[in-house]
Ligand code: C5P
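Listed next as structure tokens is one chain, alone, in the form predicted alone.
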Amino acid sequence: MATADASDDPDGEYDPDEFPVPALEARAQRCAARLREADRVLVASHIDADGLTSAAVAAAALERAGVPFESLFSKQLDADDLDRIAATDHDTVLFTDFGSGQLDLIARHEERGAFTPVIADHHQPADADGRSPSASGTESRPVDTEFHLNPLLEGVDGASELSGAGATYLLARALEADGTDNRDLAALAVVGAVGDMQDGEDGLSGANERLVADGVAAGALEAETDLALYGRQTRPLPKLLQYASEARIPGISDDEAGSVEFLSGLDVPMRDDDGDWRRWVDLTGDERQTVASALIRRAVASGVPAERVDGLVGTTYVLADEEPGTELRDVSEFSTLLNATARYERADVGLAVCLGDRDEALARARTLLRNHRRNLSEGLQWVKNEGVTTEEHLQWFDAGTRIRETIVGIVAGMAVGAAGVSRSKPIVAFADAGDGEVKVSARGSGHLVRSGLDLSAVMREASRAVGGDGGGHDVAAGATIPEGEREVFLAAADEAVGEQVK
């Protein structure tokens, strides 16, 4: 399969020497100037793959600019977190991959001089009352900070065109001094974007394409047209097909014996000289073409919908400097590795891996990854066994303590398309968060978003109706609500989805 020419802008006009997203250059330069003036910077970031890569991009850029910094991570930037941040002696705080949705809370600390906030985020900004404009049915009272870098403020879609790591990458470009070239950091920004589900079958789009072009130009990233299944670098071929959720093919998906039988019928050696199963990365170009073509024919013959068949092949991204056959080579697998660290209270490990530690930190991350995969597998099996409850406009399950609240959203996304879980309705998942709170995660699809779905608004509206809070993106969002409020929350969420999707 072929390597795509990712250095070309879709309109053929992108000059790599220009600022990647001109609409955001002024904001990025203003934020960069404030950071250069700081004696020390506290980098505060989210705990998912996008948040970790955001922090890593910020850390590398600040170090190259000679700006001292420290870092911390939070799974949800709330009032208590901000109080703790304000109690430190940092006069400048750089918020990455969150902050926009907490502008109302941050502004209170800024007004009393606790710290100067610099925000590089892509989530919906809140108004003075903590509401997002899309979620508020009343006139909002805008609130902002002088140093705010968010694509939504300049008409760029933060859900599909630029992630938190992407916004932070633009800040890194603005921090470049004479002789400094931060384009290599675009590779981490692409990991963040893919980890935030911003890629489609044609790869990344919009502003993200500029980041891909920068990464390719820097020699840090390669874009390829390839089989678009997760695990191309590390999974043995039967497992690659068995666990593929991108297009469920009868007799292959969720069927180990069926996957082995399918592969054994092809004129391609499937085992190496030691008798072990080969991986996709071990196949030659012609062998990949043979397997991909046979898989597509099987999918068509099995009645898999055309759009799912088309999605079997697409644009994929690999990190050019990483060893082939490892979790770090493919951006999707890299993002999973990062989720396996921060979502288990080891964000420090994920950050170290992003910044180049291939010894102790990588070994620890791989151990965490094995645990993460086991938890995801067990969580998905639990959902398949228990099933989901279907409302008029959405479907849901309550995992209680059976699925960790930091991964319940990932499990929900994986469950879509499984037996009994519809692709035509958003899925909402509940998990116990402790201290009398419940974590809610919601996942949609591109088709539903095009039909009007905005889960950020749904989560914010429904959670505030029961004394909680929430937000996120149109296709994926979350909330925290008090225990005992599930039914009221569901009623409000179901009504909100029904009003959006026509």
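This structure is a prediction, so every number in the text was calculated from the model and none was measured. Note that residue numbering begins at 1 and tracks the sequence as displayed.
Below: the form predicted together with the ligand, not depicted.
Remark: of stretches 191-199, 257-265, 105-113, 378-386, the one touching the ligand in the model of the complex is 191-199 (heavy atom within 4.5 Å).
Proximity of residue 67 to the ligand in the model of the complex: non-hydrogen atoms within 4.5 Å are absent; the residue sits far from the partner. None of the heavy atoms of residue 20 is located within 4.5 Å of the ligand in the model of the complex.
Within 4.5 Å of any heavy atom of the ligand in the model of the complex lies no heavy atom of residue 454. Although the partner is absent here, residue 476 is a contact residue: one of its heavy atoms lies within 4.5 angstroms of the ligand in the model of the complex. Proximity to the ligand in the model of the complex, taken as a non-hydrogen atom within 4.5 angstroms, holds for one residue of 232, 173, 343, 425, which is 343. Along 44-81, these residues reach a heavy atom to within 4.5 Å of the ligand in the model of the complex: 46, 48, 50, 76.
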